[in-house]
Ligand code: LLP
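Before any questions on how it binds or moves, here is one chain, the form predicted on its own, in structure tokens.
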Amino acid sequence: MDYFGYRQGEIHAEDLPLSRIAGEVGTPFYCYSTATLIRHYNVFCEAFPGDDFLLCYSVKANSNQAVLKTLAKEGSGADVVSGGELRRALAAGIPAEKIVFSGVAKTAQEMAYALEQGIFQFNVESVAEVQELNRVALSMGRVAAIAFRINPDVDARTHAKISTGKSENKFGIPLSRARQIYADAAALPAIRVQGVDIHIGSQLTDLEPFAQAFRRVVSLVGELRADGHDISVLDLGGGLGIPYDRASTKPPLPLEYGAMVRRIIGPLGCRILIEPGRLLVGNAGILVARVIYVKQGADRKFLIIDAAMNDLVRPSLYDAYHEIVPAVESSGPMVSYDVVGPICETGDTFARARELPELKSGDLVMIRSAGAYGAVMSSTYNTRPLVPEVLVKGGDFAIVRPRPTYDEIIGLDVIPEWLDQT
């Protein structure tokens, strides 16, 4: 459920008509709903009752400070994959003891900063990384708490570019080598082994790949405990999908996911960490655009909007589906459109042969489910300014990332003095 819907014939974000925001902010823009963010956070927490659970929001899905602050006030932790994301989480008020640091290529500088802040756990992905972390921690007189990310060689049955748990993926350590790697790590003086981490992919719409991976983790924990390791934390990653195509996609509910986790993982008695990203913010955000032109091609009709692939790259990068709806309800005839943007790339296409009510220049459209991997992956390709981000709460809204001016964009470039001589 989200808080974007028709009211008196016009789409509202909570209590605000999109036309009002568009009139003040201009298009295109991202719009996030506070009520949806909070609802999704609470629904996930309700699936894991008890004190032995920590939700660590995956910051890479949407790293806007206002979004992070909203979740922080609800009690969320954070899963970060860079020193920059760690700084964002801390700046938003997420306590260091609720932060886990993931990622395959942490640098010594990032490790040192995370150790200084006192984060809860490093999710380590290679032998080389744990050796470097030990060196850095030893030089600082600190001990680093770790979980190794295990690659269970499980097919998540999702898009190849967001599958992370197969043997050919770059993530984690092979399950077959885990016992030896844990033994070697436990011998390092500045490393404290406390957990196991797993994350098999994103946008999963079936619980069976999760269950298969979690059963392998249960067996591994039994072996590690038999080897003398005090495994007290299980980080189960994220990956639960959302219904981009509401007519045909019905992902499992968080309550169903939670019941499965408790059934398989519960007997181990570990503290459970979950790292949802898309599920919290995906349907809490939309991209609002305006029709520039309607163009009749040789055998198709193009709906050209002012949003582009630099604003929302998922359709171009993943062939991803996003529902597109007019901001004003219409009972007019349906038309088949290719919905495209202004960028000089054939890939700048949001949808092909999409049936929509007849639209004209100046009409507003809403691209749903754009709150995750939208603004965070945007760019200024074609020297198009990053679009503003807006956060709505009830009948109020605030611009939480302004649209930069052309002078600000161009001013980031520096002309060397030998070119500036006249």
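Only a predicted model underlies this, so the values are computations on that prediction, with no experimental measurement involved. Position 1 is the first residue in the sequence shown; the rest follow in order.
Below, we turn to the form predicted together with the ligand, even though it does not appear here.
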Worksheet item: Glu275: heavy atom within 4.5 Å of the ligand in the model of the complex?
Response: yes
Item to complete: Examine Gly341 and determine whether its closest non-hydrogen atom to the ligand in the model of the complex is within 4.5 angstroms.
Response: no
Discussion item. Against the ligand in the model of the complex, would Arg149 count as a contact residue? Criterion: heavy atoms within 4.5 Å.
Written reply: yes
Practice prompt. Decide whether Tyr318 counts as a contact residue for the ligand in the model of the complex under a heavy atom distance cut-off of 4.5 Å.
Written response: yes
Practice prompt. Tell me, out of Ser76, Asn283, Ser102, Asn310, which residue has a non-hydrogen atom within 4.5 angstroms of the ligand in the model of the complex.
Written response: Ser102
Worksheet item: Of Phe29, Tyr373, Tyr41, Tyr32, which one comes within 4.5 Å of the ligand in the model of the complex, counting heavy atoms only?
Response: Tyr373
Worksheet item: Each of Ser202, Gly238 and Met377 near the ligand in the model of the complex, meaning some heavy atom within 4.5 Å?
Response: yes
Item to complete: Tell me, please, which stretch of 128 to 136, 295 to 303, 211 to 219, 310 to 318 lies within 4.5 angstroms of the ligand in the model of the complex when heavy atoms are compared?
Response: 310 to 318
Worksheet item: Counting only heavy atoms, which residues in 283 to 302 are within 4.5 Å of the ligand in the model of the complex?
Response: none
